[in-house]
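Same protein, same chain, two forms; see structure 1 and structure 2 below, as C-alpha cells.
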Structure 1
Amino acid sequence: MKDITRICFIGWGVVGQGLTEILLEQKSELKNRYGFQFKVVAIADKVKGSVYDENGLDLAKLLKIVKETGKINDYPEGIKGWDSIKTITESNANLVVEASWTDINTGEPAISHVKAAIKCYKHVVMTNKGPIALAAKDLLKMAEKNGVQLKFEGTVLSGTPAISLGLNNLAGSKITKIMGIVNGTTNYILSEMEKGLEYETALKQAQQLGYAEADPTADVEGYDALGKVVILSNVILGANITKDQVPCKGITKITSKDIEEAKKEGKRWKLIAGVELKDDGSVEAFVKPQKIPLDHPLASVGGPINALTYTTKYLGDITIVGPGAGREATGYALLTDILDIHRSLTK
C-alpha cells in the first residue's frame, strides 16, 4: 500500500508527546474524514529510553507510563534498548517523526537521523530547525533522489502555516521581503515584562509552558529566530546563506526600564527577524530587537503569538498571525506535514 501506515518517533519530549496526544484524540476523525490510518510502531528518546513493537504501541498506555515514571522502558511489551539510528533503520516504520533536540550550530543528532531515514526510503517530518537551517538543500535533494518526502512546517511559527503559505500558496507572487516576530519565548517574555514581571520569572514561565528551547539561550540570544530567518531565506527566497552571515541580537540586554521608557514613547519592544531580496538576487537578513510604535500591526502581537508578513509584487503584504510555540501548536505542525504526505501519496 502506497501510504504512511507505520510511524516512529525519534525524540519524545514536549513536541513528540504533543503530536501523540493529537493523534490519539483524533484517531477516528483522521480515518473517517481524511482516510488516514496509522500505527505508531516505535519511539526512541535519548533520555526516556525506547520501545519497538511492529504491531503498534498502545499510545495512551505509554503516555500514562511516561507521565508516571519518565521511562519508556517501563512499557511492558515490545523490544527495548534500540538507539535512534537502529529504530529508524530497522523498525518497519515508513515515516519518521524527528523530534529530538535542536542544535543550531551542528544540526546534530537530527541531521544524522534525517539522513538515515532518507537512506532507507522513509519519509520524514520535523519541527527541528537545526537540519533545515544548516542543510535544507542537501537534505531535500537527497529525499527527492530517494523518492521520499521531507516536511518541516513547524520549523517557523510552529503549526501556523507560515512555510506552506510562502512555499505553496504564494508561489509565483514574487516575494521580495519577509519580516515579523518568529520566536514565541522572547515575545512572551517581553509581553510579561511589560505587565511587570521580572525577566527571570517570565523566562521560567515560558519554559514551563513548553515555549522555550531545551537550552533557552537559543531563544533569548536570538539564535532560534536566526535559524528561522535562514530557513525563510533559503527555502522560501531560494537564497544560499548561512547563519554566520546574518547579524543577530537577542533580548538579554532589554531591561524593565527600557520597556517602561518605550511605553512612555508610545512604543513596544519586539524581537524582529527579517530578510529582503535585493535587485542583484542576494539577500540581506537580520535579527534584532526594535521599538515598534503601538499602532504598528506587530505591536499588538503578544505572548507566544508570532506574525510574519510576506511582501509580494502582485498582492502587496500578506500577513499570517498565530501561535509560534507550544506543545499542541508544534505537535500539530507535524500532523499537517503527515496529512500532506498522506494526501500526496493517496491522490
Structure 2
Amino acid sequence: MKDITRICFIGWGVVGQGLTEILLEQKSELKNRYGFQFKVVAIADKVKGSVYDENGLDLAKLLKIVKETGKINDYPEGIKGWDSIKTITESNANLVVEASWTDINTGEPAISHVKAAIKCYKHVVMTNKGPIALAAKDLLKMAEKNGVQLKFEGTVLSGTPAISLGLNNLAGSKITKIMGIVNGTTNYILSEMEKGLEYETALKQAQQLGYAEADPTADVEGYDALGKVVILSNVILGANITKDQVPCKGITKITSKDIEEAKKEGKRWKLIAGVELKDDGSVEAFVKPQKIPLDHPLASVGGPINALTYTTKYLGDITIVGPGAGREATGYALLTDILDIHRSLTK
C-alpha cells in the first residue's frame, strides 16, 4: 500500500463502475495531492464475468466493453473465469472493494468475501451493509488480528460521511442519540405526497426516476433503514443488537389524510431510523414513520436526500445532510475509505 495499491473489485455494477470512473477521472490529482497510486488488477461480477491481470487492467477499455456488451469476459486480455473467492485469494490485489449485492438477512455472499480477503491479509472497503449490520464486531476483530483494515463509510449515508463523523469528528462528545432520514426513496415519496400525490402515484414516480427499485419492499417497509440503524447502534454506540431486536415499520400505511393532519399540526411525516443510549448503558433502536416539527432540521430535508442528527452532551445536536445513494456518491464513499487506509499506511 505504500507504493501502488492493487485493487480487486468484487461486484462491478453501478457502484463499482462509479468508483472506477472516479479513479480514472481523478488519477493525476490522487497521485499529486495524496501520493496515491493504484492499478485495478481484477474484477469479478456474478453476472458480467471476471478478469485478472497482475499488471493491471485498462479501465477505460473495460468500461467501454461492458457498456457495449455487458460482459467483462469480452475484455481481450487477462485470465477469465475465476469466481469471486478465487479472485480474492489468488489475485495479487492488496485491497478488495466489496460491492456485490446486499442480502440483509444473511449477509452473504459478502460476509464470505470479507472473511476471505482478511484471511489473505488484504484490506477491504465496502458499501454493502449486510455484513456490517450482521457481523461488524466479528469482522472488525478479525481484521485487527490480521493487521488489515475494514472500512464501510458508504453503508449508511453513501458518500455523506455519517460514520466518520460519529467515530472520528465527534469522538469524546458523548453521543447519546442518533436519529435521521437514511432512506432516500421513502423520503422522496413522502415529499411528493405532501405535494398532493397519493402513495401509489408517488411510488410509481420514484420508480420512473430511478429512486425506487421495481420491487420497492426493502425501502418502503423500512428494511433498508433497519440495516443502517443496526450499524449505527453497534458501530457508533458500541451496542450489540441484531436486526430482529429492532421494531421496524415502513411508510405503506401513510395516507394523504395523515399528511394533511400533520400539516395542520405544523409537522411533517418522515421515516425515521433512531437509536438512543439509555442511562443504564443499553440502547433502544427503531425504524418508524414519525411526525417531525417543522422547526427540526430533519423536517426541511426533502426529496431523495438523507440526513442524520447526532445528539451529544458537549455540542448539542449536530446534523449532517447529503445524498444517500447514487453512482457517484456511493463510489466516492469507497474512495474516501481507500484514501483513509492509504494515509494510515504512509504516515
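Numbering runs along the sequence of structure 1, starting at 1. Rigid core: the largest C-alpha set superposing within 1.5 Å between the two forms. Owing to the predicted nature of the structure, the values given are computational and were not obtained by experimental measurement.
Trainee: 1 or 2: which is the form predicted alone?
Mentor: Answer is structure 2, the other one does not fit.
Trainee: Does V229 shift between structures 1 and 2 by 2 angstroms or more at the C-alpha, the core having been superposed?
Mentor: After core superposition, the C-alpha of V229 moves less than 2 Å between structures 1 and 2.
Trainee: Just checking, between structures 1 and 2 and with the core aligned, does I189 shift 2 Å or more at the CA?
Mentor: Where the cores coincide, I189 still shows a C-alpha shift between structures 1 and 2 that is 2 Å or more.
Trainee: Superposed on the rigid core, does the Cα of L209 end up 2 angstroms or more away between structures 1 and 2?
Mentor: The answer is yes; the displacement is at least 2 Å.
Trainee: So, with the core fitted, how far does K253 move at its Cα between structures 1 and 2, in angstrom?
Mentor: Between its two positions, the C-alpha of K253 lies 2.7 Å apart after core fitting.
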